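Take a look at this single chain in structure tokens; it is the form predicted alone.
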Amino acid sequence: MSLQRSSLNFEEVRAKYPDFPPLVMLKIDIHRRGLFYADAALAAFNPARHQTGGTHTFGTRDGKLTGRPESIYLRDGTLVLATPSPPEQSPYGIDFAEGKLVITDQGEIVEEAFFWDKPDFYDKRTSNGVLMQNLVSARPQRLFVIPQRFCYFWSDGGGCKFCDIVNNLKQQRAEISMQTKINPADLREAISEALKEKGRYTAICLTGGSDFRGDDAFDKETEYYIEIMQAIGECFSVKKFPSQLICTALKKEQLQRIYDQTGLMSVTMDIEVLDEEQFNFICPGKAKWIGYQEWKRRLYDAVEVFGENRVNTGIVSGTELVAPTRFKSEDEALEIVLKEADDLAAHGVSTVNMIWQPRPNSDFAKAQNGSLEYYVLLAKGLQDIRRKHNLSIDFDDYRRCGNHADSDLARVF
């Protein structure tokens, strides 16, 4: 079955939705299509001043890891978290022209861009000799930590089909000596050093692969995050500090342990796909160990533990359109996804949207992404749902994360 997709280009979508912020729309399209650094842009890039690609859960779209800019931001501060893509895939270009960094499409300049500034701690090492950049990466206002880079769903063939976390780990270990798991003492040193740059960061975020081991499933994951969060907590003089954990859908008792024993303030448990049939196909490990309906129930339990406006879930939007799909059109998929997001919001859970970027070392490497119009309507729909249910996304918004086009809209609408 061929899925009906919108064929409108950027200017046509912009004209059709004049109230939608054009720079957020551009961000969506860059995430969707990718970007490519021209030689002139790379010549203007200064590794002593600008932030190079840090540590990531997933690999790049062109399969190369190092030596290039982390990413860009736009003139209104909008963050763009897109990785370099092969030029044959027709990505947006990043070039240097007329004395400034610019974004181009088919050779035409469409907007100005800026490299991220490099954090002070990036080139320093812990007392064990570990490069701090390999422990903590930075977005302009958030510290980002990946304590565990291996996902145990992959160990029994249950890895999510859009994901390349384990293949990316193998490449990072070979090319930049990346550790599979972080030593809490090393992390404490790196966080302490990062916080010396006063006023730069507003929050800390942790994420990593799932670990179903333990007396009860996911006890190992729970215990490790407690250990990691306690190490980070030693850098603060207060019990709770602005923080987010992106983890598996843990049981209420496990979440309660983390909340009681650490400084964690918010939790995100990514369901990835808002449709049970597609969830079962795309995320077989999550379906086997937890299940779609149970995942939703655990999100509702998390609200009881962490409180209102402190729980959300993420979707890798566009994967639900990949064959075999039960949807006949993008419109039909959008209706189902937003209906599920509304159901979550009615229970106090926000949904944020990560635009799917096909990775070469994933099962979905060559699948087709959604249209720009689909993503514009999805972003607006998710923001409208939060307004309807009076939900805030402050802990995962445009400043603290920057990966979600829908939360960019929170500062506009």
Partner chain sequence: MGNETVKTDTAILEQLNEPDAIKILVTLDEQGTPHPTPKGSLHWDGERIVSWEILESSRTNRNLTRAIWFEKPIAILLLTSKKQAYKIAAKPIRNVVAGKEFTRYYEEAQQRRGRAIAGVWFFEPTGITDQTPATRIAQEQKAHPYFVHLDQLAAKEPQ
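Computed from a predicted model, the values in this text were never measured in an experiment. Residue numbers count along the first chain shown, from 1.
Just so you know, the form predicted together with the partner chain exists too; it's not on screen, but the next bit is about it.
Contact assignment for the partner chain in the predicted complex, among 220, 125, 118, 251, heavy atom within 4.5 Å: The option sitting close enough to the partner is 118.
query: Just to confirm, residue 141 within 4.5 Å of the partner chain in the predicted complex by heavy atoms?
result: Close contact exists here: in the predicted complex, residue 141 approaches the partner chain to within 4.5 Å, heavy atoms only.
field: Exercise: residue 391 in contact with the partner chain in the predicted complex, heavy atom 4.5 Å
entry: Output for residue 391 is no: heavy atoms all beyond 4.5 Å of the partner chain.
Interface membership of residue 84, the partner chain in the predicted complex, 4.5 Å heavy atom rule: Close contact is absent here: in the predicted complex, residue 84 is far from the partner chain, nothing within 4.5 Å, heavy atoms only.
Residue contact check: residue 24 to the partner chain in the predicted complex, 4.5 Å heavy atom: Residue 24: contacts the partner chain in the predicted complex.
Candidate stretches 274 to 282, 194 to 202, 88 to 96, 331 to 339 - the one whose heavy atoms come within 4.5 Å of the partner chain in the predicted complex: Answer to the contact question: 194 to 202.
query: Which residues, if any, of 357 to 392 lie within 4.5 Å of the partner chain in the predicted complex when only heavy atoms count?
result: Sequence-ordered list has one entry, 387.
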